[in-house]
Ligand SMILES: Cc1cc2nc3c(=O)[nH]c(=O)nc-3n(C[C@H](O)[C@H](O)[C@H](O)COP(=O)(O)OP(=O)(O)OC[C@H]3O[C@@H](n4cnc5c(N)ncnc54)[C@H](O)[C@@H]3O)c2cc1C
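Consider the single chain below, provided in structure tokens and representing the form predicted on its own.
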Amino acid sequence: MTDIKLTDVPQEVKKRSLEPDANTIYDVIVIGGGPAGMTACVYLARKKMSVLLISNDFGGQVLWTSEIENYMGYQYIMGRELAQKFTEQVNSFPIAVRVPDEVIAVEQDEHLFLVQTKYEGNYKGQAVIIASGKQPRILDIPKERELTGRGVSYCATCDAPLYAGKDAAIIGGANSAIWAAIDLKKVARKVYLIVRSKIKADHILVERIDQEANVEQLIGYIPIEIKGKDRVESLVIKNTKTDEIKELSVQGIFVEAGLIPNTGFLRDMVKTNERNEIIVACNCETSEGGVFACGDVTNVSDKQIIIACGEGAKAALSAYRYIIEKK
């Protein structure tokens, strides 16, 4: 969804980064600038590989995260702060960076891969690492798209401060939805948590909102319509068992209904599972030689920052061995 991309790229990082060169044949092109992709870049650069990083942003889903309490080395760190530290480390190596940009196609031309971007044409590489992550799943209900950015948001970390003293609804029951409630309860007057069946978040997170007077949990409801002319005015929800209809007067709606892999640009180049996640072996190899994948875009079961970093390192080392063997 292009209307919810984040491009938090400090100017000083742009200036110090190497300029991409369409005439260069890179050893490895890394697609995605989240924890997996940035870790892969650092590992490859340390192996003296020529690397091009193409991404919408520096940080990926970390930019949507408020508080991080389970990344080793930091008892507590904000998501944007951790993303900035990753960015600074990437920037300390001679890595060509094309940020912000978007990959729209990957094709093979004999022994090379051609990576086409939305803004800057084609780049060539001997190997590719896919670390493109995931994007929010839309609700696909009336007025959602029309009011995106005008009350409908997919990033509570980014937009929660805009709803100080207002009423807001959160759609979802997993960790990301509870984190959104934690962010919103601090500033909003009223927070409605809309959950289809049951809350599936970590117990320690649920405890933080269970006793909050301004958070109302509506379990067993689904959203069916958003109302508003120029901005969100209300959310219509339906009870999944009784068909009871409620209309909640809210000014903000935060969609936390899950994520879908960013794999559309691959066009069946590699095998994916029923959730469109890239199927990888333990060394991050895909079904296509020379194409590796890591992070949340893959079928690795647990989606965590520290796991994404580990997978990024594995993908880089596998790509390095692939390049060395080719040479």
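As the structure is a prediction and not an experimental result, all values here were calculated from the model. All residue numbers are counted from 1 along the displayed sequence.
Absent from the display: the form predicted in complex with the ligand. The rest refers to it.
Although the partner is absent here, residue 153 lies well away from the ligand in the predicted complex, with no heavy atom inside 4.5 Å.
Residue contact with the ligand in the predicted complex: residue 44 places no heavy atom within 4.5 Å of it.
Taking non-hydrogen atoms only, residue 304 approaches the ligand to within 4.5 angstroms in the predicted complex.
Among residues of the shown chain, residue 68 is one whose heavy atoms approach the ligand to within 4.5 Å in the predicted complex. The stretch from 242-250, 225-233, 133-141, 207-215 that comes within 4.5 Å of the ligand in the predicted complex, counting heavy atoms only, is 133-141. Though the ligand is absent from this view, in the predicted complex it lies within 4.5 Å of a heavy atom of just one residue from 291, 280, 51, 31, which is 31.
Counting a residue when any of its non-hydrogen atoms is within 4.5 Å of the ligand in the predicted complex, the one hit in 153-191 is 176.
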